[in-house]
Structures are given as C-alpha cells and as structure tokens.
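Next come structure tokens for two forms of one protein chain, structure 1 first, structure 2 second.
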Structure 1
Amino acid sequence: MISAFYNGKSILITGATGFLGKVMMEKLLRTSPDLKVIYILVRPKAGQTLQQRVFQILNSKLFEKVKEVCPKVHEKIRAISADLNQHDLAISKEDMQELLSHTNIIFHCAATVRFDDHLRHAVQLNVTATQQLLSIASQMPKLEAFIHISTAFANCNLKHIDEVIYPCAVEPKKIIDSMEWLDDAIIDEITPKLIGDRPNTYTYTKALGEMVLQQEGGNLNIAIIRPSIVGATWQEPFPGWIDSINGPTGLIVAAGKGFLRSIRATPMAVADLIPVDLVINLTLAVGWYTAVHRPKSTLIYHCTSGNLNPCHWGKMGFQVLATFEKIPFEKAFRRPNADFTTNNITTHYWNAVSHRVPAIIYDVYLRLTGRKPRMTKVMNRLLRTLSMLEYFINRSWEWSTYNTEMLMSELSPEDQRVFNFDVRQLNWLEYIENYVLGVKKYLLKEDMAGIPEARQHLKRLRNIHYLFNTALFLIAWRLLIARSQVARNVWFFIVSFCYKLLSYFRASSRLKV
C-alpha cells in the first residue's frame, strides 16, 4: 500500500543533497518508480549548475539499483534553486508557483547538524527555515502531509523522553526576532543561558523547531520523526553505505587511520545507533499514514534502538577493533590493550598529551622535509570532536516508542517487509563490521584489496603509539625520581625486589638440576 500511495505523487524533499535525503530519494524511486516528480531544494554552487549537481548525486553507487527499475530516473528529479539562509528560502516566483500548485508531500530533512554551530546560524537553519517552509506549505492546496525530521536528542536534558513536544523556556518567535538584531558578541554571551542543560546549539534549536511546528502548523497534517544517531545502511540498497563523516563515522575513520587509540566513554552506556535505511523506511511509512489516516494531532515517532535492541559503546568499540585487525570479537574483547572505552580523568588527559605530542613531532618532521605540517591541525580537530561527543557517549536515555509500534501494527505484512523499521531484527556485530568496511569503501573510496596492508599499517602505528607512551612514562618517572625522595625509595625497592626474585628463580633452577 505504501509503494502504491507514492506513485503519481509530487514530493518535496529539503536536505536532499545530504545523507538522509539521498537515501530517501533512492528508496522512493526504487519502490515507487511511477511517482510523478521529486522536487529537491538545492543551494547554488559556484561552477556547477543545478542539473550537474543532480547528475553527481544520481551517478553514485547508491543509485545503481534505482536505474534498473527506473531508467529515466533523471527525469523524475526537479532541482529548485533555494537557500535556507535567505528570506522565503530564496525560491524564484516561477518555481514557487510550481511548488504551490503541485506538491502533495513534504519531507523536511534539511538542518545543520554541527554541534558547535553558532547560535545565529543554527536558529536560521533549524528554526527560521522550518517556520518559512510551514508558511509555504500552508499555501499548498494539494498538500497531504508535512513530515519533519527532528532528533531523539532534542530533549536530551531529560532521562526519559516521551513522544510529545516539550516546551523551551523562551518562545521560538522571540529567539528568531532577537537573532536579527543582536550582535555576535552578545549572542555568544547569552547562548549558555539559553540552551541551559542541553549540551549544544544543535539539540536546542531542534527542540525550538518542534515548538514552531506545534505553534504555527495550523491545519496541516504534520508528523515528527526523531531518529537517534544515524549510521550506515543496514540492508538497503546494500549493507554499509555511508557518505557522511558525522556521528560515529568520524571516530571509525580516526581509529582506522591510527589517529585514535582510546576515547573517554562509559562502556555500558547505550550507543543508540540507528541505520539510515530504518529511519527512511519509518519516515515513508509515517508519510503514508499521516496522509491517509489524518491523525487529529501531531504524532511524534521515535526511531531509536536502545529500548528494543541495545548496543553498548564498549561492545561497539571492540567490534570495530575486531574488524580492523581481522580477529574474532571474543579475542578483541579479552585484549588488555583494547582501551577503546575508558572513563577515567587521568587517562583522558594522558591520551590528550599522547595524541598531541606525536602529532607535533610528526609536523616538525614534515616541516624539515619541506612539506606542509598538518597532523597537529588534524589531531586538534579530532580531540575537539571527541570533546563534543563526550556528553553522548557517557549517557543513556529511554525513549517511549508507542507511536512507532502502533504504526508497525498498521502495516500489511508486505509493507512490514518492504518498509521494515523493526530494529529488533538487527545483528549488531554483523552491522558494525559492514559499517567499518563501508566507511573504507564508500566514504574513503579506498580499494578493498588494500585491507591487509592497511592492517599492517595500523599495527605499526599502534606499536609506535605504545613505544611513545612507554618513553613518555619513563621520562616522567625519571623526573619524578630526581625530585622526590619517596619516589627514589619506591624505585630502589622495586629494583631490589626484582633482583632478589630473579636470584631466587636462578637458585631454584640450579637446585632442580
């Protein structure tokens, strides 16, 4: 029923050039090849026409299966020049008239997902643009559903999160108005007070965006999807596809390249990861349900894994390690140096030093050989990213999923198969292995034949890391001995004890002979 529903429809997707948007287009075109048109809002880019950008998207590996069922796929995509930073999204009158006259379904996926984004920019993309899109949607006579992609972490200041819209202390309209006249210095000063106990501007502005939908949605049929940490594909169109470095993908890249040996995390905290194809399947099912059943109120659907099929950060880290080094998961789990997940303040700062100092030394080497130093910049960026992720990898949340489970029960057996969003069927060890290999193949575009060589490179980097840490420890201990009589006494006691133990074993072996 869902596939048939989208056939003949005119669909508007914002954020179609992003990770979620691409997977959504692929699924729509593959399962409903007779849809009328997909409008995508594309920001103009210097040196590239809109059509060239569309061809670039459709010529990727992701759309190979689509071209088999929909050979004229390029004719199904209508790119519209737009800019979410501008008034009325900078859409021309002609394009606006076409959208108003034909659009049946809106999927609003566009957003800034940067955790450290300036509040002004985050408000513009996540709040103001949503408000303007709502205004446009209210003028569409044929519109059947408005589906908004939010985040499960919009209310991460709460431990248990229900499928309701929670209010923020300050009204969205006041925030939007203030961003127009306050200068950056004042905004920087008031940002911590505005976001309160939320960790960043991203989660705060996504919560504001939901309030805008509640307050200004009017008579529109609106639904909100709240996915947690969106990762690579699980099954569709094939396992492991990823083209975004956000979320855990950046950590996988850093660990795989040997830059990252440990993170400060809580091993038993739930890594609420959700494959992108499950998110899209749920979103398309929600689009169908919202348009056909027209619920009396705005329904929120949590797309999370922690309640139904939890995977912990410790388990995820060891499986990543097992995939890198081609060893069984159980062996990786037992390894004493598998410190992917540690939660110790001393370890945290020791790691910061042991990451930065080798980077500085390597940059000195690059400078001496006439090359541009870059490692310190890469390492500082990585450590800054880790700092922003610490909030999420040291906590667990509980999300209610009543609406999501209700929707699953409303689907026919065939729709449950084609638009599967049941996370309970997911095998985490298999998924993470495909995720890691997908990062190498699809994101980094590296030859899979080079995996053995990459593993040897990783081992060499690991050994260098251990040697450096050992040298750093010995230098620190030597300085401590030089300055402290207590440390000297401890050192002499250890050396004397080891010498006596060795003498004892030698004497014992002689007596046996």
Structure 2
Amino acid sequence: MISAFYNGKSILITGATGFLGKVMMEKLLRTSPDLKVIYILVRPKAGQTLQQRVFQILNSKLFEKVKEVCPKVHEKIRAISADLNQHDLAISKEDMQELLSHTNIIFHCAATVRFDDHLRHAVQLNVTATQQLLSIASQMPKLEAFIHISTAFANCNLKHIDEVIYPCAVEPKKIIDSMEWLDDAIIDEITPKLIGDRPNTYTYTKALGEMVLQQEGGNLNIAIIRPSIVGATWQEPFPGWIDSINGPTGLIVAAGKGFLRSIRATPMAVADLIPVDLVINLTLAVGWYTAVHRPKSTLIYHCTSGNLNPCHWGKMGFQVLATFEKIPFEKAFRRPNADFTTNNITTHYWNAVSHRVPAIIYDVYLRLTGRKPRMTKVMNRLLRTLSMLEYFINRSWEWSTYNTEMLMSELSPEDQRVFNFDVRQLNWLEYIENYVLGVKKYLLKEDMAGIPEARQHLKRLRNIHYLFNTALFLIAWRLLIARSQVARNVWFFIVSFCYKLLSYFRASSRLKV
C-alpha cells in the first residue's frame, strides 16, 4: 500500500545528498519504481556541478540494488540548484514554477548537524530555511504532506520527552530577526543564554525549527520525525552501509585505528542508536499516513530504540572492541584497546597518558625521521570531538513512542515487512558487528583481502608495545636503584633469590640423572 501510494507521485527532498537523504532516495526508488520524479535541492560543492554530485551518488554501491528494479534511476531524479542559506533558497524562477505546480510530498531533511556551528548559521539553516520552505509549500496546490526530520535531542534538556512540541523561551521569529542585525560578537555573547540548558546550537535550533512548523504551518499537513542517534543500515539495501563520520561512527574509526584509547562515558547509560534504514522506513510510512489519513494536528514520531530494545554504551563499546579482534582496521596507530572513564580525574589522567603523550612521542619520531609532525593535531581534534559528544554518552532519556506504535498497528502485514520500523526485532550484537564491518568497507574503503596484513601490523604494534613497556620499566628501575637504598636492597634480594633458585634446580636435575 505504501509503495503504491508513492507510485506516480512527485516528491521533493531537501538534504538528499546527506546520509539520511541518500538512503531515502534509494528506498523510494527501490520500492516505488513508478514514482513520477524525485526533485532534490542540491548545491554545487567542492568543485563539482550538481549533475556530477548526483551522478556520483547514483553510481555508488548504495544504489546497486535499485538499478535492478529501476534501471532508469537517473531519469527519476531531477536535481534543482538551491542553497538553503539564501533568500528563497536560491531556486530559479523556472525551477520554482515546476516545484510549485507538481510537488505532492516534501521530505525536509537538510540541516546543519554540526554541534558547534555559529548560531547565525545554525538558525539560517535549521530555522529560517524551514520557514522559507513552509512558505513555498503553502503555494503548492497538489501538496499532500510535509514531513520534517527533526531530532530526538531537540529537547535534550528534558529527561522524559513526549510527542509534543515544547516551546523555547524566545520566539523563533524574534531570533530570526535578530540574526539579521546583530553582529557576530554579540551573537557569541548571547548564545549561551539563548541555548540555556541545551548543550549546543544544533539541538537549540532544531527545537526552534519545530516551533516554526507549529506556528507557521498554516493548513499544511505536517508531521515531524525525531530520530535519536542514526547509525549504519540494519538490513537494507544491505547491512552495515554508512558513509558519514558523524555520531558514533567517527569514534568507531578513531578506536579501530587506535587513536581513541579512553572515553568519558557512563557504561549503563542507554545508547539510543537507531539504524538509518529503520528511520527511513518510518519516515516513508509517516508520509503515506499523513497524506492519506490527514490527522487533525501535527503528529510527532519518536524514532528511538531505548524504550523498546535498550542497549547500553558499555555493551556497545565491548562489542565494538570484540569486532576489531575479528575485523581489524588497516594501518592502526596503536592496538585498539579503548576503555571508559567515569570521572574528571581519570579522564584527564588517561587523556594525558593514552592520547597526548603517545602523540608527542610519535611526533618526535616523525621529526627525527625528517617528516612533518601531525599526531598532536589529530589528537587535539579528537579530544575536542570527544568533549562535544560526551554530553550524549553520559545521560539517558526516555522518549514516548505512542504515535510510532499507533502507526505500526495501522500498517498492513505487507507494509510492516517492507517498511519495517520495529526496533524490537533488532539484534544489537549482530547489528554492531555489521556496523563496524560497514565502517571498514564503505566509509574507510578498506579491502577485506587486507585483513591478514592488518593482523600482522597489530602483532607488530603489540611487540613494540611490550618492548617499549619493558624498556620503560628497566629505565625507571635503574633510576630508582641509583637513588634509593631500599630499592637496591630489594633488587639484590631478588637477584640472589633467583640465583639460589636456579642453583637448586640445577643441582636437583643432576641428582636425578
């Protein structure tokens, strides 16, 4: 039913070149190959034209399966030049006319997901662009549904979060206006006051974006999806696909390559991870439900795992490390062996011992061998990233999921299978193993044939580690002996004890002969 609904439709997706957007295009084309067109708002980037960007995406591994059911996939995608930072989204008149007269469904995924983005930029993308898109949507006579992707962490200042829009202290309109005339220095000054007890500009502006939808949605048929931490695919189009470094993925890379050795986290806090294909299945089901059933009010759908199938950071970390044993990453800096710390003192200690000191030693080595030092810089960036993510790995939240469960019960058995978003069916251990494997294959683009060499490399690192520790111990001991009479006495006692033991064994073995 859902697949049939999208056939013949013109669908507009923002953020289609992003992590969620690509999986959404793929699923739509695979399950509804007879859809009319997918308009995607794209900006030229990194010296690539729109067409080159789209070509690259459609020719990637993710879209291999689609081409079997929808060989003319290129013809189904219509890239429209747009910049969500610009007035009217910088869409040309002709393109705008086409969008206005044809669009049936909008999926608004585009956002800045950087936690530390400047408030002006985060407001522009996550609030003002949403406002502009709403205004465009309100001029679309054929529009059936407007689906907005928010985040479950938009209200992370609360512990229990319901499927409602929580108001922010200052009206979004006032924030948008003030961003136009305040200079950067003043914005920097007021940012902590505005974001209040939220940890960053990202979560704050996503909350403002929801308020804009509520206040300016007019008669539009709107629904909001709030996913938690989105991870690699669970099942579709194949397990483990991922191409984004955000969230846990970057830390999996850092741990697998041996840079990340300790992380401040609460092992028993819920790791509210949710696979990207599950998020997209829910989103497409919501698109169908919103268009067909036209609920009286804006429904919010939490796409989370914690209340139905919880996994904790401790278990997740353990499984990630266990997978590195089976599937090591190539050219690791050190052997993957990360640990959780739980307080400030141990975190500072292990950051110094496990992150900063090895980086300094390695940089000295690079200098001595005539190369440019770089490890301290890499470590500093990693530590900065950790400090940004720590907020989310030391707390647990409860999200109610009545609407999501209601929607599941509305689906036919066939739709429940094709658009499965039942997180209770997810086996975490299997998922995490596929996730790590996916990071290796699709993000790092490492060949599986390189695993024996990676293992050899880790063995070498282990030997270097033992050698280094032994040398360190001997040096420390030698210095101690030189300075302390007690240490000298202990040393002579141990040596003479070993000597006597050896002589005794020699003598007893001679007697036996």
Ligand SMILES: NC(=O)C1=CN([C@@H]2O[C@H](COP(=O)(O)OP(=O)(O)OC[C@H]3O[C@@H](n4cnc5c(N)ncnc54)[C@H](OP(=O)(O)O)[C@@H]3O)[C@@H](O)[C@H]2O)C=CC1
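Each residue is numbered by where it sits in the sequence of structure 1, with counting from 1. Because the structure is a prediction, the values reported are computed rather than measured. Think of the rigid core as the biggest set of C-alphas that the two forms share within 1.5 Å after superposition.
S.K.: I need to confirm something. Of structure 1 and structure 2, which is the form predicted in complex with the ligand?
M.R.: Structure 2, not 1.
S.K.: Do you see a C-alpha shift of 2 Å or more at residue 48 between structure 1 and structure 2, with the core held fixed?
M.R.: The answer is yes; the displacement is at least 2 Å.
S.K.: Following rigid core alignment, is the displacement of the residue 488 C-alpha between structure 1 and structure 2 equal to or greater than 2 angstroms?
M.R.: For residue 488, whose C-alpha is compared between structure 1 and structure 2 after core superposition, the shift is 2 Å or more.
S.K.: Would the C-alpha of residue 371 be classed as shifted by 2 Å or more between structure 1 and structure 2 after rigid-core alignment?
M.R.: Yes, shifts by 2 Å or more.
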